[in-house]
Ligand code: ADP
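Below, in structure tokens: the form predicted alone, a single chain.
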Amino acid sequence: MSVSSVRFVVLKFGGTSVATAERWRTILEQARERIEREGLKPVVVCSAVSKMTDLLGRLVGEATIGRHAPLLSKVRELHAELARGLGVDLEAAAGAELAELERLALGAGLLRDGGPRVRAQIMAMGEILSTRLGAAFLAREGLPTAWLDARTCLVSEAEENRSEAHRLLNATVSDEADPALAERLAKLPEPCVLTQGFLASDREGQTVLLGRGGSDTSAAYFAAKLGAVRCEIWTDVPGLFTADPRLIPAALLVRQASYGEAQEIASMGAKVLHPRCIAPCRRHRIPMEIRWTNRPRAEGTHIVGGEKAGSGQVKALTHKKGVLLVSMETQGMWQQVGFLANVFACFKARGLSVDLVSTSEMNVTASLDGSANMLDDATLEGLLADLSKHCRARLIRSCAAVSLVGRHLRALLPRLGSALAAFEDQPIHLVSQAASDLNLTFVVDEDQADRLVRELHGRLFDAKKLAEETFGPSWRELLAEQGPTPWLPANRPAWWKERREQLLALAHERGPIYVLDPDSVTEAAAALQGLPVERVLYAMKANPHPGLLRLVESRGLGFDCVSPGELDRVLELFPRLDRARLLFTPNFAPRHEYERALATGATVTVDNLFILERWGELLAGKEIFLRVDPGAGRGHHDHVRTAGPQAKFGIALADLERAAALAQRAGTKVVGLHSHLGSGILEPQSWAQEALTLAEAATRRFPGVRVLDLGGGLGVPETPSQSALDLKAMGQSLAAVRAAHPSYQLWIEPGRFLVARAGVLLARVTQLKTKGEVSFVGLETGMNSLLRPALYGAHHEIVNLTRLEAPAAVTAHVVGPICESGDVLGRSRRLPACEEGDVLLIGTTGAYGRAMASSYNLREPAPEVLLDAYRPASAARGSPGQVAKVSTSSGT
């Protein structure tokens, strides 16, 4: 084949796509397919293995103080593990590069230099190492592969008014066609070329980086320079979606988008593509594809031309957090020549790129994207000082941009009115309608962004007739096709599958009904007791069923109570309970509740200075906990975040000095500091960070503190796209805290983690309905039994237990009989064709299910029963139709 006839295709694989031998086999298969089936020469662009860039970034800082050895060992260990999986020799493939990394780290330490040039050199080693191992693997598997240093191909452009850090760590490269590079690669005898993303060099030949997400951009640069037939971006999702599928599992795959639409979706917050990667392909009209590494044969998103084709259509909702607004106000702006030029020159001088702009007679407001700008305090203070010469400028922090993206949106405005009602009663700081007519953006408070996107998606997509050629299956449907729910232990079905016949009999005899599995509770308790903490207290507000409380108490757990009723239930069941296992943590409760709790001998938590100021005599001579607000909450929804300035819980860090003085005046001793960030937290380091905040507060203000109570909030995955909380990693981080602060006990207060997966709600189908394109499956109970979906958009798995093995045939909203539009238990669920009398099972309802139920509409909620301890399925089921023995109580 002559050099001139060689055609290139660029395939980019991200960090998770190069982290395991299995993923590299996908790369091998795709490269071979491009060679053998299409006659193309693949140029494979790879990232560093997952998390390696962050690890190397930390190594830079540790190297400057001579503490980099453990991180170097970690880098070597991770690559050694990958090399073993690939069947290649680490030293032969990448020994020289590992030695180079060690030399760079040593040099940074000797010179105390962790600046941007050293940072670029060290962080570049992630891609170098992954591609060295990958090239050795591909060659071993019989695919001759040329390893190419991207720094010899991509040269950064000189940029004025940019800091050294920006030029070295967020560089840009020309996307001009490069015939010399194309000829160079065409002459390589190997059929496949493997190179790095993220890397380039400057005109002096020094290493520069293309910014986070730069591997996508590298792929686009290579495609443009080589005139590739297409650019494929392989990642851990199959394409662009109508919303972030991690937030909205019902989000739909966008099968096709124009360059402009994809640019807007990426620029306005979608993480699938880096915004900078689209322009080079768009300029050279190179088609782009987003493909799913997990399932190479699945359809993805195709990005092509055609911005002006078709009628108006909303393609996606995006949201971008970390937005900062700069409000510039002056009465002298009106008809003043050059005002905008003057103020925007201030942004340019500070190297800041403005995103959105809104103007009026006396105000101009501009947004700065934190992901595209270095918004450090020094830069912002300098900007305000520069702007003060022209106007009164102020910053509006903690904002988010929520955008509707599509084509011809102006023509859609009359039809969008009902959907935009989602913004009612929501402060809107800025509205921007793109000149390209491709997006309509609202800048709102950051803590409202998730809620607004959920509500807008429901209004715009759930009940809309969608063109099949534009939209594909939902994220939930795609994951359901992958197989079993990933957070269950390997080879073990969900407990309710093993006891299906018992549950069906219960539902028909007594439904609707909540059912709890005791084995799931004991397993969760055992897992928690393996953490390096001194005490686990069950947050009984999650579920106060007496049988469940007996189970928890038998495991040696304590109880966290938030009301006198909860205290009474515990003491009625366990009158001899050691009061050291009893904690009372109320919020804005009346005085007599504190008197009652103190009389029982429970440890009382105080979360308001008012109590210390006004009721100090109650606490005289007592030992108490203080609930501290660490300043920011976490969790899956605004309503479950219990820290931060908008939360009603806890004493602010700034008020702790006064709290210490008031406690001393009252004659009470603070022996514990307590905090609780929220619910549904899946980041394993969260509690260790919380512990360090409390430890610092205790050291400074409260010498008598013995206990750091880290609250609960341990997340339980609600959707197949979520990963389970890594308890091992959580334990390791807490062990590090204990080693650093051995004088403190660590307590935790899980509720949902203990009981959520133990519970299911069973309800029979009452009616079926179809309205246009929308189908409904009605159940005999609804939000009166399960409030979580209506209260904060919680997702619960829903299956047709009667027809468990039947294939999905319909997409329907699952609703109840309550006279409220919010009585929806699940939206757009894929189910078999349902019939009246079928039993539907709603999963992970053991926590905040029956406990939050009501008799609204005078409809009694589903009762709750606890199954006997697990027995083998054959013994448990007995004869066909036999109901398993259950325990229940009039107390629930």
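Every value quoted in this text rests on a predicted model; they were computed, and no experiment measured them. Whichever C-alpha set is largest while still superposing within 1.5 Å between the two forms counts as the rigid core. The first residue of the shown sequence is 1; numbering continues from there.
This next part talks about the form predicted in complex with ligand ADP, which is not shown.
Partner proximity in the predicted complex, defined as non-hydrogen atoms within 4.5 angstroms of ligand ADP, places exactly one of 164-172, 761-769, 228-236, 396-404 at the interface: 228-236. Put simply, of 302, 74, 246, 459 only one has a heavy atom within 4.5 Å of ligand ADP in the predicted complex, and it is 246. When you look in the predicted complex, the only residue of 138, 270, 710, 224 with a non-hydrogen atom within 4.5 Å of ligand ADP is 270. Although the partner is absent here, residue 756 lies well away from ligand ADP in the predicted complex, with no heavy atom inside 4.5 Å. Among residues of the shown chain, residue 12 is one whose heavy atoms approach ligand ADP to within 4.5 Å in the predicted complex. Contact between residue 133 and ligand ADP in the predicted complex is not found at the 4.5 Å heavy atom cutoff. Ligand ADP is not drawn, but in the predicted complex it has no heavy atom within 4.5 Å of residue 551. A displacement of 2 angstroms or greater separates the C-alpha positions of residue 555 between this form and the one not shown, with the rigid core held in common.
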